[in-house]
Ligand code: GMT
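The chain that follows stands alone, in the form predicted on its own, written as structure tokens.
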């Protein structure tokens, strides 16, 4: 039986970050499979192509009224969701993060007649559970949004359990891991290395938004354990200004050993020259940057936290250490730095694991199945009008 294509709305944070990258890639993949995809957000997601077939972008206009101390996003977003759902006859609203996106989707559905209400799929990515979920000012709203969603998904088994524990939500949560589709680099590896002033050094790679949970202090302390060697550089792709950490870099005598590039959009250009990934977070729901590195045959050295053990097979595709253990992290880093053959072997295993478990071919059909299953359910938002 031939299944008809779906009309799918997607709302995510459009800025640099794992959830936005995942949501954008998902939309692109769905469109390539024949579905009609509508992105609804305050800005165009930074990796969303301009003129791709079956992909549409609907901006949300936010007015800064003096009546409000802070500009409101949830209400304009909900109105735009309702408009797009009505005009484009959306089947699905797939929202990434429970608040404000799922909250806005619920309000949008309340504005629509029953026959025009799309099913709401809410994907939790971590911050809505681990940060906002611990805030009593947000927890009840998150619980409500999850309860009233038609389907809830999480990007790791760890996050599913944390959502149950922190939010007290005990409804079904389907685990669908992140995936990553690399884009062809626009420059050669040799050109990128030349632009960074690299010669034969081993490149230790890190990419993150530099939030406190990423523990950039631990990252710098870890690479400082390698100061006795001259054959490496740390390439740090920062989604936020690195300036707050500049003093630590100087204190640790790493000024000439750490290369920083801020707000990089084409991460693949730098991933192609990465040799070892280094991630030192206190917690991670999944760690998409780790998967991105694995796709380029780059083994990871990381903390054993959150969903990371679901991504790395310890001792096979990377090495794990306890959170905050600089000595263990530094030891793992030195081991891969000193043993190129083992590093290449782990890198090959990392690439194979990424393809086998976290590719679009594996993950996207699972979302499609969730959408179609949701369409068979009665609306979770309550009785029809």
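Residue numbers count along the first chain shown, from 1. What you see is a predicted model; the values in this text were computed from it and never measured.
What comes next is about the form predicted in complex with this ligand, which does not appear here.
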- Query: Would residue 233 show up as a contact with this ligand in the predicted complex if we use heavy atoms at 4.5 Å?
  - Reply: no
- Message: My question is simply whether residue 25 lines the interface with this ligand in the predicted complex - judged by any non-hydrogen atom within 4.5 Å.
- Response: no
- Does residue 202 reach this ligand in the predicted complex if we count a contact as any heavy atom within 4.5 Å? no
- Message: Considering non-hydrogen atoms and a 4.5 Å limit, does this ligand approach residue 300 in the predicted complex?
- Response: no
- Note on the structure: Contact with this ligand in the predicted complex, heavy atom within 4.5 Å, among 147, 209, 86, 272 goes to 209
- Task: Would you mind picking the one in 122, 222, 285, 163 that has a heavy atom within 4.5 Å of this ligand in the predicted complex?
- Result: 285
- Note on the structure: TL;DR on 213-221, 134-142, 263-271, 75-83: the one with heavy atoms within 4.5 Å of this ligand in the predicted complex is 213-221
- Task: For the three residues 18, 127 and 178, verify that every one has a non-hydrogen atom within 4.5 Å of this ligand in the predicted complex; reply yes or no.
- Result: yes
- Query: Can you name the residues of 84-120 that have a heavy atom within 4.5 Å of this ligand in the predicted complex?
  - Reply: 97
